[in-house]
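The form predicted alone is given below as one chain in structure tokens.
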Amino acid sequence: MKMFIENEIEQLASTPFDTVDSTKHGKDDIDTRLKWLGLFHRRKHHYGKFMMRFKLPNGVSSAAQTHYLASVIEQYGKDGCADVTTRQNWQIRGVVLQDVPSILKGLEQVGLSSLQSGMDNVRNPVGNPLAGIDPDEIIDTRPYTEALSDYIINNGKGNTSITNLPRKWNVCVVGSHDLYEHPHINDLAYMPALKEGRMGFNLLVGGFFSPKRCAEAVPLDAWVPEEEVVAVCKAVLETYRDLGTRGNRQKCRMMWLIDELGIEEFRSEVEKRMVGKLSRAANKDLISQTWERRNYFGVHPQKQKGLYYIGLHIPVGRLQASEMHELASLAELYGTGELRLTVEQNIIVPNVQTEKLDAFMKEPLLTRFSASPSLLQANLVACTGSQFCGMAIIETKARAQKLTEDLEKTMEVTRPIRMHWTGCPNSCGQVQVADIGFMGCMARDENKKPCEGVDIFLGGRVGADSHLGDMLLSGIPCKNLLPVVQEILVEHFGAKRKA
């Protein structure tokens, strides 16, 4: 953190990259310590190039921020691109170390921060992408996610009290019955609940994915009033920081600590770090158990009369600089210069006036970013894959697109099917919550030769009846996937083969 707080990044960036990389300490700076500033070196496939990740609470991005990030990546040619992530924020690619000081200054000018977005830190606070505009929302999550983000990075100055957690940590605030925020896979989730007439939140804790274990969040049997959202987050984080294991990194996520202490002892430790008693949970939260999760694609009326939001499909979350500029310009021309990112790697344009809808829907960009994607394309999610990530075992984004296109040519489906791809067991693509999940692995082909393959997961659910999927098949060669998935669609999803 001293690289940022004491501006040591200036000296590092002014040193030739090969010189920095020639020592063990320099290699550690490049490959590990820079992650605290949101910079991830792509040594394996793009030596000297970095991915940069940002804090974007609630997924709200201004046109100015979007234009700025586009202006950064457009100077890096084919290496420069951006992704919408499964934590509702931006990642950009192609960054070189010498540019980092000027990029950091530019981020500050547009109100963005990359601090503490990697390694053993708190990830981007997730909220309802329709916060403040949804006629059916329970609560506007933006004030809470913004307050959490301000605490986590100390208003952009860096919060060194929570930069040495045992492992990474996720938080979300739920604002709608749709559970777009995926609370059951977060380390801390705030579920809106009334208690004695006061608005507040019941707490879920411990949800996570890892190569060795996946677990759904469990109730803490605690309720906090809305004004104590940050205070309880701080107490939970400090409990995890102080008591969590720092040995085998496969057993360092917060749920392992909860298992070790038991939920009541963990709750007691959280209470010790708060001012006053921690209230027991409200009898029930405000989430409807019978609510049918809505599709946000296309045109929808907002709670504000005469305004609409339009959901656009971003194929596997990947954008080029020109597309980011165009999206930001459309948000300025037709809306209020705001974009909303979703955990499914899509984008919503809010605040479009009735009289501007027709013109918006005729914009050429919508032939690429459709407002009415097909049933299979609409919920397709893919992590970075081996194109840019050194940990990925297989290529994901292009392969996910190609398989989906082949399925659409050959199969008839009658309902949306959520397909998620992840390049390795770290499950950044969250395959365990998908209807059908594909996790990269090494397999063997018909000649017993090693090849890229997938383990296939089935049955993940999101929403009020959330459930993690189970592995159905293992070690399927990627080149043989089409007939296997066709059969899964027929057997489990009522699909039919086209003539």
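Computed from a predicted structure; not experimentally measured. In this text, residue numbers run from 1 along the sequence as written.
From this point on, the text means the form predicted in complex with siroheme, which you will not see here.
**Q** Does any part of residue 67 reach within 4.5 Å of siroheme in the predicted bound form? Heavy atoms only, please.
**A** The answer is no: residue 67 has no heavy atom within 4.5 Å of siroheme.
**Q** When the contact criterion is heavy atoms within 4.5 Å, does residue 389 count as touching siroheme in the predicted bound form?
**A** Yes, residue 389 is a contact residue.
**Q** Taking siroheme as it sits in the predicted bound form, is residue 245 in contact with it (heavy atom to heavy atom, 4.5 Å or less)?
**A** Close contact is absent here: in the predicted bound form, residue 245 is far from siroheme, nothing within 4.5 Å, heavy atoms only.
**Q** Does at least one non-hydrogen atom of residue 211 fall within 4.5 angstroms of siroheme in the predicted bound form?
**A** So residue 211 counts as contacting siroheme.
**Q** So which of 421 to 429, 155 to 163, 262 to 270, 351 to 359 is the stretch with heavy atoms within 4.5 Å of siroheme in the predicted bound form?
**A** Residues of 421 to 429 come within 4.5 Å of the partner.
**Q** Pick from 86, 346, 404, 239: which residue has any heavy atom within 4.5 angstroms of siroheme in the predicted bound form?
**A** By the 4.5 Å criterion, the partner-contacting residue is 86.
**Q** In the predicted bound form, which of the listed residues (319, 339, 382, 131) lies with a heavy atom within 4.5 Å of siroheme?
**A** Selected residue: 382.
**Q** Scan 38 to 58 and note down the residues that get a heavy atom within 4.5 Å of siroheme in the predicted bound form; none is a fine answer too.
**A** Going through 38 to 58 in order - heavy atoms within 4.5 Å of siroheme in the predicted bound form - the hits are 40, 42, 51, 53.
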